[in-house]
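Before any questions on binding or motion, here is one chain by itself as structure tokens, the form predicted alone.
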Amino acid sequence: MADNPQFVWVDGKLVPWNEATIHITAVGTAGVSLVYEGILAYWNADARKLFVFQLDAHLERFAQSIRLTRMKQPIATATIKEGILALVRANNYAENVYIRPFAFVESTSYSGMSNDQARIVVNTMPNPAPVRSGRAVHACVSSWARISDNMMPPRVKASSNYLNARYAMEEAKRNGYDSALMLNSSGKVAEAQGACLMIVRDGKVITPSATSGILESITRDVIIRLCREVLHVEVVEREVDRTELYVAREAFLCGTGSEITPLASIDRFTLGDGAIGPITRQIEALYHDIVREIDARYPEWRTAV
């Protein structure tokens, strides 16, 4: 297919796309063990350069997820990093790129997964969706609760965890919303499906704490630092009540895939005037420039391809 990349990185080697296969009977069981990362590389058209954003941080979390699911990582993280850069170069991108390293145990049965050696694969694809779309979306609080750490640990970026998010998102779409927010088992706000949440009240950015059942988000950490160090906006990490969502002046989702996604309303409560708020707009513009090296600060966050 024309839209597929020329190469996939499989267990340490560049492999032609149509040769990177797994038997159909292993797909389901492999998915149970699968952990992954979503990484974006941003194209700077003026400089004609491609920058992978927070590659080291993503690979550190990838190794953590492999460990917490009790798989063995057979390839060193430094080698995976080199492989990702080689793969992106081999596929000859001159646009934004989504990079997906994933690890799984290939098996046709559900037994024998603990402490098994993982297969590691990296795939890439174009990612044309731009940050700063100018659109604010509508969210609801889902009837589905967020998983907790003694069920399916949220800090593990595992494909099986995202069934929880899929239920919430399907419910939201069916009821006419764009996105879903989930509460944890204590009834406090956790996160959206596949993204963290930040609200703005009294000029402060407030976000659920890392122990509220959220994925330990790399983008969230970036936004917190940009707010504190560049924009000089106070950020508070704490438990968040559901009704705080309704009285917030602004709110937005953040994550690799979501980037900065402003919210216009939650459960049909309009936030502010329903447009993108001033603090959200500042964060969005700054993030856009940082990831592309239009703003050259934080060079350690970008890896040139």
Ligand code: PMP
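Start at 1 with the first residue shown and count on from there. From a predicted model like this one, the values you see are computed outputs, not experimental measurements.
Keep in mind that the form predicted in complex with the ligand is missing from the display, and what follows is about it.
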>> Taking the ligand as it sits in the model of the complex, is L183 in contact with it (heavy atom to heavy atom, 4.5 Å or less)?
In response: no
> Heavy atoms within 4.5 Å of the ligand in the model of the complex: does T256 have any?
Replying inline: yes
> Just to confirm, T207 within 4.5 Å of the ligand in the model of the complex by heavy atoms?
Replying inline: no
> Is the gap between P101 and the ligand in the model of the complex 4.5 Å or less for some heavy atom pair?
Replying inline: no
> Among C140, I218, A136, A118, which has at least one heavy atom within 4.5 Å of the ligand in the model of the complex?
Replying inline: I218
>> Can you tell me which of 84-92, 69-77, 166-174, 186-194 lies within 4.5 Å of the ligand in the model of the complex, counting heavy atoms only?
In response: 186-194
> Which of the residues spanning 151-176 lie within 4.5 Å of the ligand in the model of the complex, based on heavy atoms?
Replying inline: K157, Y162
